[in-house]
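Below sits a lone chain in structure tokens, taken as the form predicted alone.
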């Protein structure tokens, strides 16, 4: 009898067990569509790299008849989000519906149903983060929200890692891509505030009602989440001194330019070294043209973190748009899968 001897090869290794991960999307707007596109494009990569089969189990929307920017099977859509919450086979819920109270209730019910939740909803987090984090911990599941701040830039992970080994003194940066796009355009000769807003809206960086962005409220919500990770202190948006860009004119920017400066909407928070009190503020500031923030253009974000021992560190990248935000949502999903791979278990169930 002859025994066949095969050459050693990576391909000769036994195939890993392929696990199924059932995901539900709540919301299929700009971000939800982007997430669908990214997950569809990366499905085979997830299977190959993480031995995980991604399955979209359902998509909750408000209007079933609304035209969609991405093609998805009609059978996946429902206008009853409670169907997703009641489905015990769903492992992860991606909350992408926006708004505050309905979304907060949906997130809480999903966590109580022992489903992991990934959200991009900075409004809910700015008001409810400590409470929802407690709910997640109580039920042994994860609440992940990297996409809520600075789009694809991993600022929250950086803050967590730095806070564990150092003391953070302050955070400061450009965290709203829409207003940064507007101010970038206004710095060009002949561009008014109104025309800059119109271009930002046409490119999908600004809603039909721009109030949330241009008033500084969006930046204040993001700063609340950032401060929680930097200092472990929850500062509701109403406690953040906030001033927007509505009153900034092209003449203001031209005057700043004459002094070697430009104008940016800056969100910042710092901790008093003696009292430990945290002060947070959002306002337009004149920035020297030599500073990195002055070169942070269009929809890009930049955050400077100052620590006692490490000194200043800067993170930079796209902060607005469908795909950068979707990328951050998928990054949280990858983190969840990796954690399950590392511990060979899921807090709610094995995938």
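Values in this document were obtained by computation on a predicted structure and should not be read as measured data. Positions refer to the first chain, counted from 1.
Below: the form predicted in complex with a small molecule, not depicted.
**Q** Report the residue, out of 126, 96, 111, 174, that has at least one non-hydrogen atom within 4.5 angstroms of the small molecule in the predicted bound form.
**A** The residue in contact is 96.
**Q** Just one of 56, 306, 289, 30 has a heavy atom within 4.5 Å of the small molecule in the predicted bound form. Which one?
**A** It is 30 that has a heavy atom within 4.5 Å of the partner.
**Q** Just checking whether residue 68 would be counted as a contact of the small molecule in the predicted bound form - the rule being heavy atoms within 4.5 angstroms.
**A** Yes, residue 68 sits close enough to the small molecule in the predicted bound form that at least one of its heavy atoms falls within 4.5 Å.
**Q** Taking 4.5 angstroms as the cut-off for heavy atoms, does residue 301 touch the small molecule in the predicted bound form?
**A** Residue-level check for residue 301: no, no contact with the small molecule.
**Q** Do residue 48 and the small molecule share at least one heavy atom pair within 4.5 Å in the predicted bound form?
**A** Heavy-atom contact with the small molecule at 4.5 Å: absent for residue 48.
**Q** Give a yes/no on whether residue 180 approaches the small molecule to within 4.5 Å in the predicted bound form, heavy atoms considered.
**A** Residue-level check for residue 180: no, no contact with the small molecule.
**Q** In terms of non-hydrogen atoms within 4.5 angstroms, which of the given stretches 59-67, 309-317, 278-286, 292-300 touches the small molecule in the predicted bound form?
**A** In the other structure, the partner sits against 59-67.
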